[in-house]
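Given as structure tokens, the chain that follows is alone and in the form predicted on its own.
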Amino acid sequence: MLMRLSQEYFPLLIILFIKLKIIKTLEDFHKTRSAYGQISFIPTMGNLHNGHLSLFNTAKKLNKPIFSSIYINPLQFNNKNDFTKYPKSLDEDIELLESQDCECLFLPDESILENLEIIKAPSKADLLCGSHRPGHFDGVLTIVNKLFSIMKPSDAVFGLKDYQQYLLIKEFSQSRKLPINIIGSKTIRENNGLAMSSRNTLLSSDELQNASEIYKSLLFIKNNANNLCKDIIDEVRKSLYKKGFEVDYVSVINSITLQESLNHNNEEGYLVAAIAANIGTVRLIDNLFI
């Protein structure tokens, strides 16, 4: 009898010991969310890596249940091929989330695109990455706003590798007076200095090694912080070209306005060195605070 009961209830026992709740429909999510008070939220597009783990480490310090989402947002891709080839690893992602004490994973389907409030990003979204990816940040803010309305988090954690995205989301949240604390989590790097990114898996071994030149270039700019000038920026840009990169931008910017600036005197905010460049077919971004 005991053996029969054990076999009969074994699937139930497995479910009880699995902490991570995986939810795919809005109706089921709302039922789950109603059982919680304040939560911390980490939105992702999947293919998780150690950089994402740092977001969870940041969230854990807030001592609230952690919710996450995986959704590859089609609205932020102005290149359909880039959207199609975006790396996916759902099974591995779920294992990683379970190891991070994530309470709930929301996997929305395309119904999340229904009844959308389309958000128009402010003018600073047209700088840096926005100047090379028209409409990108409109798509980011539109989906983040939808996820915020679904999740209703008290805190949301974003990586500072995507500094422009972090700033735009933070300022959007403030402009809407959303009761959400937007937290930036520092960039995590590979051993060679390359900023961790889901796109790194698309690089060949040679490209992966060469990609470290982006970080070296940022360090060069930072080490010359006391005599920054246009010639130094041009030198970095030319060096990257010579090493096989297709450079979108090499800039030193004000951390608040995102406008180019080589002098922090009498300015609010900090200076940030930022680079976006393609190696092969993969676009990489990185930055360093000066």
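All of these numbers come straight from a predicted model, not from anything done at the bench. Numbers follow the displayed sequence, beginning with 1.
The same protein also exists as the form predicted in complex with a small molecule; that form is not shown, yet it is the one meant from here on.
Only one listed stretch (239 to 247, 42 to 50, 253 to 261, 29 to 37) carries heavy atoms within 4.5 Å of the small molecule in the predicted complex, and that stretch is 42 to 50. Contact with the small molecule in the predicted complex, judged by any heavy atom within 4.5 Å, is made by just one of Tyr215, Phe172, Phe106, Phe158: Phe158. Proximity to the small molecule in the predicted complex, defined as a heavy atom within 4.5 Å, holds among Lys80, Lys186, Arg176, His132 only for Lys186.
Contact between Asp162 and the small molecule in the predicted complex is found at the 4.5 Å heavy atom cutoff. Not displayed here, the small molecule is kept clear of Leu127 by more than 4.5 Å at the level of heavy atoms in the predicted complex. Contact check for Ile112: every heavy atom lies farther than 4.5 Å from the small molecule in the predicted complex. Taking non-hydrogen atoms only, Asn224 never approaches the small molecule to within 4.5 angstroms in the predicted complex.
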